[in-house]
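Just one chain is shown here, as structure tokens, and it is the form predicted alone.
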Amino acid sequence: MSLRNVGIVYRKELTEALRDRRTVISTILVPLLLFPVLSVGFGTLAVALVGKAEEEVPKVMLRGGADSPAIVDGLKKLDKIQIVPEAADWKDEIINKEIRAAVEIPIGFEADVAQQKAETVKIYDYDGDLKSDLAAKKVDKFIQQYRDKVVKDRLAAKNLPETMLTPFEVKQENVAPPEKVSGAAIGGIIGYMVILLCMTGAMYPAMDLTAGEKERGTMETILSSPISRTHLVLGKFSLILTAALGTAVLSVLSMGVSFNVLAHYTSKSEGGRAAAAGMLLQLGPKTVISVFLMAVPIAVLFSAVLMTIALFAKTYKEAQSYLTPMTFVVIIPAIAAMLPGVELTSKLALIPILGTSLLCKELVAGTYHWNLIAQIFTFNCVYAAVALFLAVKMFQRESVLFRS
């Protein structure tokens, strides 16, 4: 095999690719701008919206309570909610977000409590609505404090200590560092985005170097050159692989910068510190290099498969219709890696995209299972080699190159 001939084809295709606006956008601009927009932009917006919702004084409707002045007065004195009069259409008002919640005090509530009869205070809210959930939590917190006071008064009346109800405490403490906690929580996004962008970076060059050549009528010209088909396909494949790996590198670097900026920005405000702790991902050099190395065989696999599929198309538009379903083939196993309870095992390591995405999640969290790393890397290399072999074979078939 002549590396010189492969290099000639590679330089020729690279020059043309750099002139293609679609390739530049998908390979350089998308990975550089996507993560800052998603993490810093939407992250900052989410923190701001949550903070604004927490500062809002929600309207809460009080139902009943005419014979229970103590708890009613306590609710009305809360500065975190606004009590509004009862209305017949209170459910519709919650659904239409005119009020955020409603609290129902049963008839004879305080009298029954005094006689130690069990009663139930109901809190109605709009499940899933942030402001409604916050309003319900504020009311629930007051009701719990009122209940605790009743219990303490009963114990004091009988000269009993408060520890009778809680003879011991149970406390959970996290021993994992914040980087591992955040990595386990959202580390799956890293593998998902790297894999998806790696495929996106390879898609447009793959279509342009195969179906695009046919549509422009330049395929016959390049095939008539004194270069073997193997050298030709390897040169084209090298350009597609360069685009895929370039996208992977830029995406990982962009992620590292974006998460650090987001953590720095949110930590400045009191309300954003919790969000900053959850988004604290330390993508150090070791993590970046590890994720990149695991993405290499996946990039080879994508480049070979996309080039082979696009080779069957006669036009660029037809190639797009062939490769669009590939996005779903990639997204489904990549998303599965983010599901709770899905952990990396030897069986899941056999699935190329799923295994790599799960491994990236472990790497971001700082966990290195060397046996699984070797297994996944080896299998991905085998899959990539088979895909590249098929791509070379398809390029040698005239029925595929000049399909009518």
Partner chain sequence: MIEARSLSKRFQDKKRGEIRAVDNVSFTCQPGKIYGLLGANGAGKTTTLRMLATILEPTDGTAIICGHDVVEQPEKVRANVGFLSTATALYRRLTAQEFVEYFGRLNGLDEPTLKKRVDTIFDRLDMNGFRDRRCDKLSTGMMQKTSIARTLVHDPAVMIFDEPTNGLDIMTARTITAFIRECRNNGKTVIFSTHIMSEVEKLCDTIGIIQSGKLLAEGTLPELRDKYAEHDLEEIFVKVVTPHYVPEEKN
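Given the structure is predicted, the values throughout are model-derived calculations rather than measurements. Positions refer to the first chain, counted from 1.
Just so you know, the form predicted in complex with the partner chain exists too; it's not on screen, but the next bit is about it.
Though the partner chain is absent from this view, in the model of the complex it lies within 4.5 Å of a heavy atom of just one residue from Gln82, Thr327, Gln320, Thr218, which is Thr218. Contact annotation: of the candidates Asn159, Ser224, Asn96, Thr163, the single residue with a non-hydrogen atom within 4.5 angstroms of the partner chain in the model of the complex is Ser224. At a distance threshold of 4.5 angstroms between non-hydrogen atoms, Lys393 is out of contact with the partner chain in the model of the complex. Taking the partner from elsewhere, Leu388 is found to have every heavy atom lying beyond 4.5 Å of the partner chain in the model of the complex. Remark: Asp125 does not count among the residues lining the partner chain in the model of the complex, judged by a heavy atom distance of 4.5 Å or less. Among residues of the shown chain, Ser228 is one whose heavy atoms approach the partner chain to within 4.5 Å in the model of the complex.
Look at 146-154, 205-213, 246-254, 302-310: in the model of the complex, residues with non-hydrogen atoms within 4.5 angstroms of the partner chain sit in 205-213.
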